[in-house]
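The chain that follows stands alone, in the form predicted alone, written as structure tokens.
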């Protein structure tokens, strides 16, 4: 996150010093006024009594009252100065917190716009090029036509997946309803792994499904999205040779534990709570080389919670990331 501009810190420092200096000046003025009052009282009493007995003067009720008023005034000035400084600090802290949230939201929006622009331009450019090739060279060999058609379909699927993610992320925050049905979650994970393996040829995927898992109640499209997003993330962030392990087993009488682990770069501790935020991605769009919109983990977390489950993010050993999902069963 970007730091606030230096002039803001200088202004804040100046305001704190100014409050402190004003407090010191008020204390001095109060002290000077007290000394003037004491001198005036001593002079009047000396004139009235015709003597200048300092000890007798200090024992008078009037002098004692002046001292009490002076002490009370000093304490009030110090107390008010402390309250003002604390109020200023508290207000500045709230302002900083608000500004940082605004800056973070602006950066996430910027990152999202950059990533979504790239994600849209690449497949559109590819499809346009293929169509122009068909238009300009009408007589193409069958194998070339098949290859171009396959590439066009792949780019179309990529666009469709992007649009689906955008629509799903919007629904999850408002009107998404779980369409429960009995599912073979193990088979669903196998199908998702096959789909990811076809897309990422260099990835080595290992699927381990326990025999006693059985059928579960859940939303097929939602859980498929969870599986695909986690496996694709593992493949994208574990280049050039991704090694991915996913497993499903019973963790209790009414609980399933689903894990997806990779051998990738891992996620720093300071980022672990933020990666599930909508549009948030580790790093920035100027230095990041992997494709994505920052929606995948947001969708995963929302869908897991919609199913009454919990999602944990752990470090894989010796390096990489592990996502662990706890899903309730009947």
Ligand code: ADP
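Residue numbers count along the first chain shown, from 1. Because the structure is predicted, anything quoted here is derived from the model rather than measured.
Just so it is clear, the following notes concern the form predicted together with this ligand, a form of the same protein that is not shown.
Colleague: Of these, 197 to 205, 126 to 134, 232 to 240, 148 to 156, which stretch puts a heavy atom within 4.5 angstroms of this ligand in the predicted complex?
Modeller: Correct option: 232 to 240.
Colleague: Only one of 41, 265, 304, 26 has a non-hydrogen atom within 4.5 angstroms of this ligand in the predicted complex; which is it?
Modeller: Of 41, 265, 304, 26, the residue with a heavy atom within 4.5 Å of this ligand in the predicted complex is 265.
Colleague: Given that the partner is absent here, does residue 70 sit within 4.5 Å of this ligand in the predicted complex, heavy atoms only?
Modeller: Residue 70: no contact with this ligand in the predicted complex.
Colleague: Is residue 280 part of the interface with this ligand in the predicted complex - any heavy atom within 4.5 Å?
Modeller: Looking in the predicted complex, residue contacts with this ligand include residue 280, since a heavy atom lies within 4.5 Å.
Colleague: Is residue 275 one of the residues lying within 4.5 Å of this ligand in the predicted complex, judged by heavy atom distances?
Modeller: Residue-level check for residue 275: yes, a contact with this ligand.
Colleague: Where, within 77 to 93, is there a heavy atom within 4.5 Å of this ligand in the predicted complex? Residue list please.
Modeller: The stretch does not touch the partner at all.
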